[in-house]
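To begin, one chain is listed below as structure tokens, in the form predicted on its own.
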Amino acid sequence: MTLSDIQRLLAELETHPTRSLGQNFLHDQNLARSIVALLDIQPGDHIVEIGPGLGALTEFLATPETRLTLIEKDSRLISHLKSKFEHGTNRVFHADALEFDLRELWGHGPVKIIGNLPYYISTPLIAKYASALSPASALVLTLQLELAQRLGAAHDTSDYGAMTLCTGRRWDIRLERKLPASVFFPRPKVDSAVITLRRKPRARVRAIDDSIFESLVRRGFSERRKQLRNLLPEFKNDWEKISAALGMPPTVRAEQLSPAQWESLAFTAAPATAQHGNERFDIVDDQDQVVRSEFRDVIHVNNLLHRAVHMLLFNASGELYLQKRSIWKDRNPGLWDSSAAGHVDSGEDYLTAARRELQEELGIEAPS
């Protein structure tokens, strides 16, 4: 989409870019094509675009081999987007991407996300779409250069901070290219950059409590000039021992700790055990008949029907015992659940699975 195309289309729609929505439309077609290429789109991919605007990137995303979901907040652009791109399995949502229910994106194959993000809400958008519960395997985002540099910063640098660590824990982040203001209409007052985020394999993500990790990191970077021992009082009594175990002096500051050292600090606060995605479960049809078996990750990302058991335990007073799900579950971590529950392993029946889960989770031997 060229600059003249954008100006003509805006005139036809009797509208104009709105500063409150952070609208800066890309008008370099070669650049748009190269940004889309970073997604490495494969047949069967589910592509999600945040804030498609007039469709500068969208026209290179729409192919017969993929499913396309567009999330646009500006009501003035919805009819244009629907008339041009909503056909077959492609869908256009008139919604705020910050409030959009991510469950809408599950069950349609691997998800890849792309977007020219409004600068004023880039940080919360990244926090949402690159969260532990995001269905995405990769993101290609255009955002303010300063934010891109912070996301991909190396430790012990001025750009390295809480966002670097909290996002980089699950994602490999790469600043792909810088973009001058001249490729947008209207021209933003700052330079931009394109970054890629590719989800790390589970084996590379250490099993720790994310809420504790993020709390430690954010407090540690809240006053960069202060030593960590003065910002993390829960470690005060053992700080000499803990800092030595990290291979750092007691006077260490937040930016001096590498991502791995921050993870070790969080693990010290609350050890956790990882859940592996190499378990196999039976896939069933709507009559509960086994079709085949697959790995956990394949089943969950494609929302395939599979078996699980849930047990409810009551005491003599009729009170129900509930458990909180592990923080390392790939679905609904940290939420309250039934007394005991689990997937039925491949080749296992419900009763055997129920007895196994009761023993594994609660140490209870169920009667035969």
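Throughout, we count residues from 1 along the sequence that is shown. Bear in mind the structure is a predicted one, so any value in this text is a computation, not a measurement.
Omitted here: the form predicted in complex with S-adenosylmethionine (SAM). The next part is about that form.
The three residues 21, 118 and 121 all sit with a heavy atom within 4.5 Å of S-adenosylmethionine (SAM) in the model of the complex. In the model of the complex, at least one heavy atom of residue 71 sits within 4.5 Å of S-adenosylmethionine (SAM). S-adenosylmethionine (SAM) is not drawn, but in the model of the complex it has no heavy atom within 4.5 Å of residue 309.
S-adenosylmethionine (SAM) in the model of the complex is approached by residue 96, whose closest heavy atom lies within 4.5 angstroms of it. Although the partner is absent from this view, residue 266 stays clear of S-adenosylmethionine (SAM) in the model of the complex, with no non-hydrogen atom inside 4.5 angstroms. Screening 40-48, 22-30, 312-320, 335-343 for residues having heavy atoms within 4.5 Å of S-adenosylmethionine (SAM) in the model of the complex returns a single hit, 22-30. Contact with S-adenosylmethionine (SAM) in the model of the complex, defined as a heavy atom within 4.5 Å, holds for exactly one of 111, 228, 77, 148, namely 77. Shown without its partner, the chain has 49, 51, 52, 53, 56, 57 in segment 36-63 as residues with a non-hydrogen atom within 4.5 angstroms of S-adenosylmethionine (SAM) in the model of the complex.
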